[in-house]
Structure formats: C-alpha cells, structure tokens
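One chain is shown next in structure tokens, namely the form predicted alone.
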C-alpha cells in the first residue's frame, strides 16, 4: 500500500517547501507541489500534514542498546531502545560492536548484528578497537567491505578493557586515513582521571563527586593530544559526546591550526547541570563524561547553533534507578541515561521554539549531518525520490511534560522529569511503514535492518 503525505511543510536540506510526497514499496517515489490522489492506486493511505513539518527520519548517532550481560545488562535491549526511539521520530540508530579477543573485527560486528535482530528500526555500527596486532590492516579491509566504515577508540575505561593505548595511534591512524575509515573518539585523559582517583581510593564517593573525578580538563587534554596526533596524518577525527566549554575551546584552537575535527554533543550536556547529581536521585544522572555547569551548557548550545558542533545524539544507555542506587560508590554506578525518545522534542523546545535555531538546521543536526558523516546519505537523511521512505511528521504545536509515565524506555525514568516541552513527532515512517502514530507504536519487533555504511563525508572536504 502506498502513502501520500500532502499539505506538509517539507524540510529539505536548504529550504522548506509545501509539497506532497508519495511513497511506494519502501521508497519515496514522487515529490511534487501537488499530487492528485485520484491518480494514485485506490488503496493509497492519505496523511494530511497541514500545519505540520515533514522531516527525513531522525538518526540517533550514538546509542548503547542491549549493553552488558546477565545481571548488569541495560534496561533497554534492542527492541525496547529502538521502540522508544521510534516514539521520538528516530528511524536509524548507530550502535557499537566490541572487538572480541581471538576474533576478527568483522566477527565482532556480525555478533552485534545478531544481537540487534529484534530492533524495530534500521541501524548501523561503529566497531570498537581495544588492541592492535599485525593483522589489523587486513581486518580493517574486511570490515569496510562488510559495510562498517567506522571505528571507535576510548582514551579511558582501562578497567573495562576498552582503553587503546595512544602509542598505537601512529600505526592505526594512517591505516584508517588510507582506507578512509572514520575514527570516532571517547576523549577523556585516563592518566589524569587515575591520578585524581588515587586521592580518593579509600573513600566511598557520592554521585555529586563524579565531576571531580572526571573534570573537564580530562576532556580538553584528551582532545588536544588526539587532535595533534590525527593532524600528523591529515586524519579527520570525530569527537563523541562533547561535554564542556574547555573541550570546545581546545577544538577551536586545533581547528585554527588546520586540524580536521567533527563534534557531537548530547541533549543532557546542552540542558542539564551537575546539580542533578545531588540528593537521593543523583545516581540516575551518572554518565561519562559527567554533567557540567550552566556555563558549559550555554557554550555548547552556542557552538551548536553556530555550526561548530554538527550532530546531536543521545548516548542512550539505560539502567533502572533501582539498579543504579544499588551501588554505594559513584565509580561503581553504571554510567548512562535513556534519551533517544526525548531528543527531537528537546532540540525543538530549547532551540527552535526559542528562536535560536531554524527548522532546517534541526534537520541537519538530527538527520542530514549524521547520515553524511556516517556514510548513510542519501539513502538515509534525505528526502529524495528513490531513497528510503524514512519520514517524520512533526507537530510544532504539540506540547506536554516529560514524565516517566509517558516515556517508553524500560529504565522507568527520564532525566528530563517535569520539564515542559513544545514540539513532538506525530508519525514516524520507516521505509514506507508507519511505525508510530499519535502516541501508539505500530512497528514490529525485528522490523529494522542493518544498513551498510559507505565513505564518510569527512573524507570529502
């Protein structure tokens, strides 16, 4: 059955037009000023988008669904996390795959794809690298041919075995540059974090101490080191979840020196402060990097509006309050909060409705930019005939209050409890199938697909 979306304000990459969109067999078939329903097949569904905005499907470029094993697994598996995302207009997410000891990088990706078989929306992966060996070049070739063109590195988390010694960068960075594989980086200087932690090794620390243990200086030092290393090989570097003004200042400095840096941040670093870490619910707001000050919020919002930050993602990694509160020390509390569902309404409410950002830019940071940077464009992140019919019908007038009562994460809480919002998706369409409509999930378990990623746009500027 085809779908005709008519009378909507369609948000393209450079303009907004009142045009009609006809969808057939998972693809956008026609975009015209007026499409006569009488000329379409008789079973075509009509969606009247009068007064509404029509975006390409949103992309959550940083998630952790189905993380962990047994008793320490996240509250949201791939079904639950992607279902919540669909409520927020997200039609594609980008998750991670572990490097598995004794296995190839591609085998790690295949394992993760199998784990994600219940996802309700489409997805792609970034492949983590935790150690180097003499076959890594061949493994990178196989990985890219398989359809994963992104790797992720950590400058911290030695205790979890995720840390890759920066001494290996001189071997890995030129390989990634040569093969045009995008490198993304969790930037926190482990040396500084370890030094600070030694001072508190014999103490139990509450949640409000988390920013003391992982200060913004750890972020800025890590970005500085990584940026200078990447510059030696003209490697574009993608910084995930930027949290601080200090980090943004270093990025500006490096860019002025010609370093190619691309930046992602999250709604919680734009809107929440470390005051959330105080009190009995403070454990719910433990994430890494930690929440910062209001000055950091303002700086990141300004950088986002100016285009210095190009993508907003959520780093969705959800645990229940009961599970988080079972740990007595903030260093032991599992890091992460839910957020895929709330993302688009938060950006619209805090930036577009307030007059700081245009609708077109909202489309860029939530859809077009991640699609291009992660090699999914134009199949994802565009509204072009012949591409996947991933579409969000968005109401600028819809409003409400975030509450655990109306959020669909299995974590059973929202970090934005009690916050009023304006603007919300009314309909989410994945490859021509309506998966969310007017408050109800209409998709299906396992309806998502793994999407092969191509060359990142960061290698083309």
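A quick note: this is a predicted structure, and the numbers were derived from the prediction, not measured. Positions refer to the first chain, counted from 1.
The form predicted in complex with N-(aminocarbonyl)-beta-alanine (URP) is left out here; the points below concern that form.
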property	result
Stretch in contact in the model of the complex with N-(aminocarbonyl)-beta-alanine (URP), which is absent here, among 389-397, 58-66, 415-423, 26-34 (heavy atoms within 4.5 Å)	58-66
Single option in 76, 315, 122, 341 placed near N-(aminocarbonyl)-beta-alanine (URP) in the model of the complex, where near means a heavy atom within 4.5 Å	315
Heavy atom within 4.5 Å of N-(aminocarbonyl)-beta-alanine (URP) in the model of the complex - the one residue of 147, 166, 336, 211 that qualifies	336
Contact label in the model of the complex: residue 112 to N-(aminocarbonyl)-beta-alanine (URP), heavy atom within 4.5 Å	no
Contact label in the model of the complex: residue 364 to N-(aminocarbonyl)-beta-alanine (URP), heavy atom within 4.5 Å	no
Residue contact check: residue 377 to N-(aminocarbonyl)-beta-alanine (URP) in the model of the complex, 4.5 Å heavy atom	no
4.5 angstroms heavy atom contact with N-(aminocarbonyl)-beta-alanine (URP) in the model of the complex for residue 241	yes
Within 283-315, the residues that have a heavy atom no more than 4.5 Å from N-(aminocarbonyl)-beta-alanine (URP) in the model of the complex	287, 288, 315
